[in-house]
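Next up, structure tokens for two forms of one chain, structure 1 and then structure 2.
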Structure 1
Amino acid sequence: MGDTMLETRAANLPKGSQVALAELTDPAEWKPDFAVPFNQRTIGGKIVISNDFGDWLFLTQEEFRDFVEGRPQPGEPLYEKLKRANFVASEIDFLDQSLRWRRKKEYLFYGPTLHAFVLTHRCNHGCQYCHSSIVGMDRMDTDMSIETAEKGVDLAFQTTAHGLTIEFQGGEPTANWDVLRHIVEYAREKNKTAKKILSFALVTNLSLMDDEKLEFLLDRHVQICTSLDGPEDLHNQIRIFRDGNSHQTLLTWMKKINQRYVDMGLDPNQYRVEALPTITRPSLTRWKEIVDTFVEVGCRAVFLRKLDPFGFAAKSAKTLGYSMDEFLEFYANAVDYIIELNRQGVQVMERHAAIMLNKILADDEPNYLDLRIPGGACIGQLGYAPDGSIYSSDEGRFVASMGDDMFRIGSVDDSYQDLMGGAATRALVMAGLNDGHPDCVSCVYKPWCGQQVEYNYKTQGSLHGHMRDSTWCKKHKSIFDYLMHKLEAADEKDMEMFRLWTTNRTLDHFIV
């Protein structure tokens, strides 16, 4: 498919619309006892309905009218369709639905699983959208000490979760290599008695990588993640590396690491360096090149991340920023192209769409912290700063890097009980619910959406936010609309492709 067709399709980005029941049916005919509570939205010529269990259906306007007016009778096709999707109140198996709810809300029954350790603020890159308060490579006073690191690990292991991931962030975390090594060895030793499902992840620009570091990371099963913003000129324009060519250095190490996984006998379809792009204004017209770059380096997933309102990204918004409408047009172009590649036999997916489809099609909760209720602040993740301060999340730390300690909930010297039971944590968890938002409670996408309180605070000055004017809401609702249009029009081959995107495989190699 040519670029012109894709551009035309994006220019007419399909959207849904909220529609009141009274606009579609006669209130005098409603039979509220027939249906479970539901929300509705028009998608093309049909109406999609959803319930709080996470079920959904496409109905014609005539079917919708019959549904609201309680006309379908047992044995009729519409009744049986509604019954199978748990929309007929008298047919609900409440024990089954309670077990289903518990399975998908399992994360509510244990503490934070993601523990992001910022090992240093030093970095040898000058990325124009950096979220962190980076400093020059000579500022070793910003490094996390071994003493602070051990206190942080001790605290992380107190989580009531059966598993935890320690993620190394920066700056460039490998600049504080001795502490990174120590944390890995210290945590592995602690886990001999704790016996948790332990994993490590390193977020790195790979510019300080060498063979000795790589062998340690491979031997200790540390997953490696990086940033790749597209083709060489685009990547180097945004991710400035004065000591060399960032793009060439990155791809050289990605290729070497991926080959080492193959040499170790690991499936290359599952094990590879994870790379993420951040979309800036220069990216908007280059969606095809960005996707092609990821395919060429062997990535099976592209996570199209919008520029966040934190750190340097907020300061450089005049040169790198764009409207939400511009991002959504870029997103539709890119995902349309990804779908076309799949139809041609190229296996690649867009990660954000895959997460949403996991919820919609697979009835699963992938525990993606930005799209769950309540959100991930405090009870899903914690961010550990070099000085030992603990924040609600990585995003909470980003806010702190801008001079606002709103999301600092304590330090490594505090007890786990005080951190998890403190007033700040309770307030953030309550704000992360969507049951109290006027627009959320009537949204058809409520079962699959979520809140990020840090984003609300930074963009609207309130933890709770105002969804009607929220770019967070606009982004997610628009992507849900886009996917619903795709599902409504999908043939069996397209549905098979979308189901393949929802396939989750446990990366056992990275579990200690």
Structure 2
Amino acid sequence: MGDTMLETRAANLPKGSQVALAELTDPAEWKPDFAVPFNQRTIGGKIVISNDFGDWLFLTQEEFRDFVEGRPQPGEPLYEKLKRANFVASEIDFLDQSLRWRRKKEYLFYGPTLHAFVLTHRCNHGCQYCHSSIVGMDRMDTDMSIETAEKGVDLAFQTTAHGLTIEFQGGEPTANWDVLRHIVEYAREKNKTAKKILSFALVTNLSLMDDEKLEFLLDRHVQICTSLDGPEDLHNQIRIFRDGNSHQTLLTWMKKINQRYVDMGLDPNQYRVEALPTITRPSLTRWKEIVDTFVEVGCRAVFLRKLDPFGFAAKSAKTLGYSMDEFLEFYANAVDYIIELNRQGVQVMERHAAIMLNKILADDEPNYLDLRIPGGACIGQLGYAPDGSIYSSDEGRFVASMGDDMFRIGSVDDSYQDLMGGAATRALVMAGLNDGHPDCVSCVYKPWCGQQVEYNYKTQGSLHGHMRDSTWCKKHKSIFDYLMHKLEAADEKDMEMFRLWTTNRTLDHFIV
């Protein structure tokens, strides 16, 4: 509800459109058995077509008409082009495509890999958009206990996935340092027999960091992620820290940690503190400064995250919020600038774009949980609350912090089989399929898009959501449109740049 698309379109964001079939073709001439199922969309002067395998092509209007009418003959350039891209039904190699499907849907065959432990609701920041039900630093009753933590780790290790990432969140997770430390040691000990590909990630504002904590984190190979909203005044305006200057504290520690990575002999191009911005209303005109800040602190990637509808973010929507069109205009400005920087030799990319290009150009499936089918709820990730409740995801926990336990699927006292096989998990997985969405099935971006059921529920009152009316759909379709226009107009140098953005490698050092 209240998630309709009444706004006008962002002026600088090129939009795809419906293909004018009525003008292009006569239904009496269609040869539906020529093609594999496909979808189409007008991009600039061309028509992009895609199939369920993830292949895509730009066609001229004439080529598209010939394709729909089944006119291309073997040996002709158009036929060969369509054949190479797996659009000619009679030419499909079933074994090749099944292996390809299996490779890209690998995640269907194992359990959740991401296990987010909320160690406490306490935090020393009062960020205006914060998701969680944040409490003051004296509320130690909101900390996760050692007993709950151990039960949570025991549960996480039951995942059928070989890869297991334990992520520490809050509140400010380092406020419950003893439990964080215990989880790391306990999980490492368990892994001596479990032999998972184990990694840890810490999401922290760095304000409680000290040398002793850092030594532990570096020694135990814990990856460190933080929040950086841009230049100092913008960051400190939103991320309110009464005990000091949040931005300066953050940058001091980022610099120190990055230097320690260098001292440890790690490649500074790969190993650095990962920082993420959240875009708020005051950010909208400051896209250039935000990107510049990330470049200055040595980040190679900027993840331009829209303010989401969960928790405090919903309460502060009137002061910090903006329409999807405003975000998309910001996004296009920022990514245009990032592309310009790349042309000048600066290595920086935007994460949404990189994830999508990874799928489109590299035919990869990075298993990014917000953009896969089915969505990552339960079967890709689990969220562990301090009281031992288990949620479908981070977002599921955020909904709970707003007083709605819709996404609580159980507790650390339940068995893994009961959690994964339960009715709640099944319902969330089913809702996260885009084959059930009337709009998604006819969308040219279907092979690369995804669902987040928690977002659907929060914004539209239904797990399934109505994509045509959904800002989730609007955001992703618009970014896909933007990228498709860039690809349509790209020269060889631009294509090389986009291919570099698709590189996605494992940070081996963080594997325990």
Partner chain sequence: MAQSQIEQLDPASSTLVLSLDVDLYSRDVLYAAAYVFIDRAYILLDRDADRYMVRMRAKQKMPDETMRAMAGEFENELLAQALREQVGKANQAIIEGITALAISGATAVAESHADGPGLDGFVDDPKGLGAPWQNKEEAPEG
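Here, rigid core means the biggest group of C-alpha atoms that superpose within 1.5 Å across both forms. Structure 1's sequence is the ruler for residue numbers, which start at 1. What you see is a predicted model, and the numbers here were worked out from it, not measured in a lab.
Visitor: Specify the structure that is the form predicted alone; exactly one of the two qualifies.
Guide: Structure 1 is the matching one, since it is the form predicted alone.
Visitor: Is A489 displaced by at least 2 Å at its C-alpha between structures 1 and 2 when the rigid core is overlaid?
Guide: Stays below the 2 Å threshold, so no.
Visitor: Cα of A20: shift between structures 1 and 2 in Å, core-fitted?
Guide: Spelling it out: core superposed, C-alpha of A20 shifted, distance 6.0 Å.
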